[in-house]
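In structure tokens, one chain follows: the form predicted on its own.
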């Protein structure tokens, strides 16, 4: 019978033992323990960014392997800025981001205020609110595609039963209606995530402030404007940044619902990048588009920070 194998202590355990015996300082121990996290960050975050920048400066098409990967400088970026489809997809993405993030903020704040006031079954309601966010965007897109189906969809059925419309509306066949359907699905899926962040912020506001505002004769609306909103500033900023970055990268939900159509009415910038990279196999051009998307995302994050970051 083979002898049992004794697990060997890792670098972290050896460093901890040396620190306990005074052989290394606390700072050296912290550096050693953080080393795996730093290596993970380099491999899965920093390296892909630099690799994308390198690829964007080269001609790289998988369907033209005989051309190799010659250096082309900024030619891919010039092509992107001269492509009308690039500007169209950016406009679609900006409108999509503005509409969905605004709607998610309003709906999420309303849900957070309601859940925060609950005394009973708060945990159950919180879990129920989170259910839409837990669904994979591709599955949610397929579900909403069926809901908006012009022949067998629930949306048309409800509208006809209530008498609001007569006949079948072809939701996903019209550019405007298809865009509306996609934004409704995106708002439904992510508003609960925003509500969770805002609820955490609401629960951090002391009740004493509301009692003081009530003693001063403030109405609920005045207390909301004077106490709730200012103290929710950080939570609002975090939720806006996270959801804006998510909306700028919207790919799976529009792809599952409309595939970017009709025409290219719902083709977001991320979906445009996906098509150029993986359908047309133009990795150099796709990398240049991805770098542009990163710059746009950084611009949004910086703007949010300058406007909404708490001041000392």
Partner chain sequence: MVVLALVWSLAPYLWTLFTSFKTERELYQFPVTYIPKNPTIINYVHVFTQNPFGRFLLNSAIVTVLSTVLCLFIASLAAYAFARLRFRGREPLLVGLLVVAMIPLITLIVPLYVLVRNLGMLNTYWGLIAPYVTYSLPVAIFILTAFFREIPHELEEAALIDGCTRMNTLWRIIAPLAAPGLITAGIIVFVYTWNEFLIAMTLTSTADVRTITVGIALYRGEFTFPWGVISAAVALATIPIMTLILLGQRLVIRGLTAGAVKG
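Numbering follows the first chain given and starts at 1. Rigid core here is just the name for the largest C-alpha set that superposes within 1.5 Å across the two forms. Model, not experiment: these values are computed from the prediction.
Note that the form predicted together with its partner chain isn't included here; everything after this is about it.
Is residue 131 close enough to touch its partner chain in the model of the complex, meaning at least one heavy atom pair within 4.5 Å?
Yes, residue 131 lies within 4.5 Å of its partner chain in the model of the complex.
Does the 4.5 Å heavy atom contact test between residue 127 and its partner chain in the model of the complex come out positive?
Yes, contact at 4.5 Å.
Just to confirm, residue 51 within 4.5 Å of its partner chain in the model of the complex by heavy atoms?
Yes, residue 51 lies within 4.5 Å of its partner chain in the model of the complex.
Taking its partner chain as it sits in the model of the complex, is residue 26 near enough to touch it, meaning that at least one heavy atom pair lies within 4.5 angstroms?
Yes, residue 26 lies within 4.5 Å of its partner chain in the model of the complex.
Out of 224-232, 93-101, 114-122, 78-86, where are the residues with a heavy atom within 4.5 Å of its partner chain in the model of the complex?
Going by heavy atoms within 4.5 Å, the stretch is 114-122.
Would you kindly say which of 164, 74, 139, 215 lies with a heavy atom within 4.5 Å of its partner chain in the model of the complex?
Partner contact (heavy atom, 4.5 Å) among the options: 139.
Let me know which residues along 141-176 have a heavy atom within 4.5 Å of its partner chain in the model of the complex, or say none if there are none.
Read in sequence order, the residues that approach its partner chain (within 4.5 Å, in the model of the complex) are 142, 143, 144, 145, 146, 147, 149, 151, 152, 153, 154, 156, 157, 158, 160, 161, 168.
Is the C-alpha displacement of residue 251 equal to or greater than 2 Å between this form and the one not shown once the rigid core has been superposed?
Moves: no, less than 2 Å.
Once everything's superposed on the core, is residue 36 shifted 2 Å or more at the Cα between this form and the one not shown?
The answer is yes; the displacement is at least 2 Å.
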